[in-house]
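The form predicted on its own is given below as one chain in structure tokens.
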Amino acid sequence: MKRLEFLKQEVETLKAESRFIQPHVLHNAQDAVCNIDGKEVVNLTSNNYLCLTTHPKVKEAAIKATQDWGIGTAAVRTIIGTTTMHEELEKRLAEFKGTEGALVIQSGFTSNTATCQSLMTSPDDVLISDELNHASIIDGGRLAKAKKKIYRHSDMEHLKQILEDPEVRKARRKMLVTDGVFSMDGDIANLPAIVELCEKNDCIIMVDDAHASGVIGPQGRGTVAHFNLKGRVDIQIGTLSKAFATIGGYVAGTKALKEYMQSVARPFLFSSSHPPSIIATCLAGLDVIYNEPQRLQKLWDNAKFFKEELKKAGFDTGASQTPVTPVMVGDTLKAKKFSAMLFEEGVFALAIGFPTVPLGKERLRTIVTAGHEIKDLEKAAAAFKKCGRALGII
């Protein structure tokens, strides 16, 4: 159609700026070693932290739920899309997070946007955000009617200045939002300092634990449990698409928060509910997390091994403290070349460039899982060294 002819030029512009994205294609199940674009590779790009995508108990739960409940609910949660399984999952997620209640929302992204939009409803409110927060938090801030204040990444002195600003002090309502684990750098938010500052300044605290739930803290309960801050963080956001290996998100907090969100949160109100098979896999995933602690231990053992191999080779892995380990390159084209060379060596590690990360901070982001064996990680480390030397990165 002629009215859309302009898109051809937009695509060419994206290509010229190295921002054009062509999705890679899986040819079998998402796993630690799998077939991507027709080639078997060590997969260092998936969020499948605990390798639950192929766990027999989780698959069996999905099959049984489909047989018992059908393929979907064909309704939004507030009409007739809430099953007894949804209620059970919310009860168990609240227990997992140590909160009064939890509300399952249709995606992790919309869990953040819904919460920011639903709580920050006036120009007299202030939303305070770490500069490296996830895109869903940024978009949530755009949808909120509140004023926005951005503090430098993990800079507690800058945050203190914002909280003590007279304009912020007189706000009707103020809320700080931070990632628990930052998805591009793998570092952990300084939650103890954040909690102390926010308690002194009567500020709501919201933590997005997308990359922490199932990964950080006792039994993978997240950053709040990791820092022993139960009862001191108002809102915990989680995703079901990473360690839980399926799709969706949730908001955990007080009983009143759940009741309020299920009445006003637009993504929850106007999106169809999860199919029963999805809810069943999450319930089964919780059972695995509780009953197979060796998976979490193996995840961290693998992360430590691979991180040490990269550092010994001379790579800059930034401030990572988690299984998310960046390999800093500093140039978009070189990062893409690095990724392509690794793929030829049988290792898949995706290049991340601007605007996902700032200019000069381009990198390869690697994520190890509980499914990797040491031989997989040795192969990956050897490929990184070979290609890194060829490109002059080390």
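Residue indices: 1-based, along the sequence shown. Remember, it's a predicted structure, so these values are computed and weren't measured experimentally.
Unshown form predicted together with a small molecule; subsequent notes refer to it.
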{"property": "Within 4.5 Å of the small molecule in the model of the complex, all of D130, K149 and H153 (non-hydrogen atom)", "result": "no"}
{"property": "Option from 122-130, 203-211, 310-318, 281-289 whose residues, in the model of the complex, bring a heavy atom within 4.5 Å of the small molecule", "result": "203-211"}
{"property": "Listed residue that, although the small molecule is not shown, lies within 4.5 Å of it in the model of the complex (heavy atoms), from G108, G253, G220, P276", "result": "G108"}
{"property": "Residue among S118, Q262, S241, N190 with a heavy atom within 4.5 Å of the small molecule in the model of the complex", "result": "S241"}
{"property": "is_contact(T322, the small molecule) in the model of the complex, heavy atom dist at most 4.5 Å", "result": "no"}
{"property": "4.5 Å heavy atom contact, D179 and the small molecule in the model of the complex", "result": "yes"}
{"property": "The small molecule contact at T82 in the model of the complex, heavy atom, 4.5 Å", "result": "no"}
{"property": "Close approach of Q236 to the small molecule in the model of the complex, 4.5 Å, heavy atom", "result": "no"}
